[in-house]
Ligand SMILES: Cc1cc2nc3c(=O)[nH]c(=O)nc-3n(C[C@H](O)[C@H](O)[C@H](O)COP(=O)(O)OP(=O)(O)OC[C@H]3O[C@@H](n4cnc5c(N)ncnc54)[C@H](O)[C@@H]3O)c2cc1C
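Taking the form predicted on its own, here's one chain by itself in structure tokens.
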Amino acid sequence: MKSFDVAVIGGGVLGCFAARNLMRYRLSVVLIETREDVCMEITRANSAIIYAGYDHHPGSLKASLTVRANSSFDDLSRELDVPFSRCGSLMTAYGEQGLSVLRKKLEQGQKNGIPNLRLISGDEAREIEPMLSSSVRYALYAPSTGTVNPWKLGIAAFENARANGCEILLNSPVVSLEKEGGQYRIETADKEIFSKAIINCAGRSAVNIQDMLFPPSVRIRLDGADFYVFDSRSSHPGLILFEETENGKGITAVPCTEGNLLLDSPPRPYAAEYATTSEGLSVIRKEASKLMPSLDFHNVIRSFGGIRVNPETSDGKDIRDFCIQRPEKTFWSLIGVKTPGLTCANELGTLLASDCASVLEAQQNPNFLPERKAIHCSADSPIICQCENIRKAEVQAAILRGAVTFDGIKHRTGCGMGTCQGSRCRYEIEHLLKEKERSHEGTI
């Protein structure tokens, strides 16, 4: 049995940033994750956008945190050595109905203090992005919008938290919570932990975690999403494109930091676990062809499904702001944090860590080091992933940093993300993983 000042439950991007920011204080912290690695659930299927902040009502927590997070993202990405592209975005509209939506977002954005936001004509939009269809009549241009790799960002925060002293429990689903002697007793599948405070970042399981002690007033509705990934060598837009249609939000096109194009469908009813639907993929193809007629779908190398969580009140009304439940002063729950959760992960972590440190009367940690270095290696190492030019030493470094599966290697290095989607490099990578597993077994 071990005791900690704070237990963070959930190792997605929110939990990793909560843990990282808690280490800025003189606190003992443990990060508890159900899976064998961090960022393996909702974080892994993400549109990768760092939003400007015009979508949110002025004065809301979402608005203030998004604008603050966006403005500081260059510094954050440098600290954590994560690629970030401030490529800008265009929200497009085909007619007057869409124009009214753009005007509302422009007004909100101006009130929120977003720099250089402007409404432009379709012709001006095509000067900025020539792939746009001639049917686009209006666009809202936000040059501050950007894109980041969600996996690499979350893993970087995790590694920085661990380097600063955060303890990690993987493969540790929480099975019960109890209040005992002024502390929380946390029982996982094989361990018992005591903690003075809990930060619940368990994603779609956050309601279930809180329900073990405090019945939440918020529930979660799941939506599904479908994605297409295009080869990095294909022609694609240089900006993020949001489509506003007569039926509301359309597709989103994201030029990723690795050079691929990601197409994201509008929300759809949740189906199977991380599975695509033919209907969702059909919508993407139809709307993408309308928005960018020259886009060649022969360059698609992958499709995948995602999950979006939507917080609702007990009577089924949508909660449009970030929902932070606090049933008692030492228990925080992030329930149903959706877009722009990736954008605001560090700001939310900062907010929670500050509140927690105040309650526990913790002082600043003068030894906290915010910098983390990504995996880099010598050109002498042989290439293991031909598509992405990833070297064997990079894979070995990822294993040393905690990757135990092919997906873990992929999330840290980019192996398997190219044209062949791992068909050539997977066998050798899995062999390296088995070698590491055997050498570890030999030391026990």
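Numbering starts at 1 and follows the sequence shown. Given the structure is predicted, the values throughout are model-derived calculations rather than measurements.
Note that the form predicted in complex with the named molecule isn't included here; everything after this is about it.
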Partner-free chain; cross-checking the named molecule in the predicted complex, the single residue of Val174, Ile198, Ile155, Ile114 with a heavy atom within 4.5 Å is Val174
Answer option from Phe331, Phe227, Tyr141, Tyr94, heavy atom within 4.5 Å of the named molecule in the predicted complex | Phe227
Could you confirm whether Asp55 comes within 4.5 Å of the named molecule in the predicted complex, counting heavy atoms only?
-> no
With the partner left out of view, is Ile409 within 4.5 angstroms of the named molecule in the predicted complex by any non-hydrogen atom?
-> no
Partner contact for Arg35 in the predicted complex: the named molecule, 4.5 angstroms, heavy atom | yes
Indicate whether the named molecule has at least one heavy atom within 4.5 Å of a heavy atom of Cys387 in the predicted complex.
-> no
In terms of non-hydrogen atoms within 4.5 angstroms, which of the given stretches 230 to 238, 295 to 303, 198 to 206, 121 to 129 touches the named molecule in the predicted complex?
-> 198 to 206
Of 1 to 31, which residues get within 4.5 Å of the named molecule in the predicted complex if you count heavy atoms?
-> Ile9, Gly10, Gly11, Gly12, Val13, Leu14, Gly15
